[in-house]
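Only one chain comes next, encoded as structure tokens, the form predicted on its own.
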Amino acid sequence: MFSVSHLKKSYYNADGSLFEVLKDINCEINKGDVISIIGPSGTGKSTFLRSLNMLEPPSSGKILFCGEDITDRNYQLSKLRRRVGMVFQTFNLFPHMNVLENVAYAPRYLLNVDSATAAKEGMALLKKVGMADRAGALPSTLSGGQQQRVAIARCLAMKPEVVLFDEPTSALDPSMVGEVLSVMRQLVSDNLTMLIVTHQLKFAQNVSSRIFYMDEGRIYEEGTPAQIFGSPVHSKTKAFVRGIKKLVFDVENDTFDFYGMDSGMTAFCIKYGVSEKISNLLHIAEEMSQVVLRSYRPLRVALSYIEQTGELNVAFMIKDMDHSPLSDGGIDEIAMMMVRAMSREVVEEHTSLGFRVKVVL
């Protein structure tokens, strides 16, 4: 349905410098696809989605929809927007109209559907999203989740071939997210073509036929949910889908700020809810960086927390080394015994950069 080639979008900052939001996007979107677009904030996910219905006209590149170039200045965008619906972060319901009137409005005035038919079809859609009993209510009397469900019904009232969801749950209280995701799961079973910008990774994994992982203004990696969540190719993708949070220090010599490293590690553990591991972590970091591996500096010390599993580990990387430093003579065995006693596991592994000793707490 969509064929996107060399899509770019740039803005000028207040100081006159150029900021590239999208950097050469290329993809194909087929009928029946359910594509979740995931990635860190600020990587162009919403801009890409909004480009597909020309709410964000690209700076360069081409977008074909059903064979027609929608970036052509002579293309009538009204044709596109009748076939491609969008659900936004905010609900944008007409405050002076009741729920049914909000849903029936566009078919009546844009598609020339008679009032009785628009109302009948509107009620069917409200029933579909679980809002039929609030048909006469004003938007101001509804919760955020209820308003978003009405907004989805309003979008579906135009009978779109494609629906674009721009973080539809981001403005909701956490207690209301589930009701909106439940409605979206129903739409998947209706074989509607959908593109969804979302931070709900479990939802994306369960409902999508394909995943786009965006980073640095590009589709950094794409594949099936099994590929992206089970065996991603790139380390950035792996870190994102596993919810890996990192804190890195480079220990060059004895002048390094070890007190600052302790403070940073303590704040990291508090932030991610593993404060009970602070004492062992600081002892391990001290023994490994100042005793066991002191003669192997410079060391890269990387603290990682994996949200998906709750694992906390600290790794010590020695660049360009081809074997484990723990196998060398001269290692302080007493210090290493203390490290092993305070940890769950010590993993010695060769990497493309050198050799890493990872201590799992």
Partner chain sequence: MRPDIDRKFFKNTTDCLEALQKGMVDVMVEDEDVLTDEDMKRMGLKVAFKGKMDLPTAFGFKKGNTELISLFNEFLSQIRSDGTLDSIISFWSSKHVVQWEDIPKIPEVSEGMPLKVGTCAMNAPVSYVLNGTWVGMEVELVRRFAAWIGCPVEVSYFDIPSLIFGLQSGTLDMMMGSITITEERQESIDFGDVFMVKHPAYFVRDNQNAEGQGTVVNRMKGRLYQNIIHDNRWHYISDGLLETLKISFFSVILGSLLGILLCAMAGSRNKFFNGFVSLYVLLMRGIPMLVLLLFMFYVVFSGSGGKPTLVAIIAFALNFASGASGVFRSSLDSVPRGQTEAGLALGFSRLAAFFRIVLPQAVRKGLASFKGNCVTLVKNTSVVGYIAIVDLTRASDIIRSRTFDAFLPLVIISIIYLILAWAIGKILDITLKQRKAYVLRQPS
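Positions refer to the first chain, counted from 1. The model shown is predicted, which means the values in this text are computed figures rather than measured ones.
The same protein also exists as the form predicted together with the partner chain; that form is not shown, yet it is the one meant from here on.
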item	value
Residues 92, 119 and 135 all lining the partner chain in the predicted bound form, heavy atom within 4.5 Å	yes
Options 209-217, 169-177, 265-273, 153-161; stretch whose heavy atom lies within 4.5 Å of the partner chain in the predicted bound form	153-161
The partner chain: the contacting residue among 27, 55, 336, 306 in the predicted bound form [heavy atom, 4.5 Å]	55
Contact residue in the predicted bound form, chosen from 142, 239, 106, 278 - any heavy atom within 4.5 Å of the partner chain	106
is_contact(residue 110, the partner chain) in the predicted bound form, heavy atom dist at most 4.5 Å	yes
Interface membership of residue 288, the partner chain in the predicted bound form, 4.5 Å heavy atom rule	no
4.5 angstroms heavy atom contact with the partner chain in the predicted bound form for residue 222	no
Interface membership of residue 258, the partner chain in the predicted bound form, 4.5 Å heavy atom rule	no
Residues within stretch 79-93 having a non-hydrogen atom within 4.5 Å of the partner chain in the predicted bound form	81, 82, 84, 86, 88, 92, 93
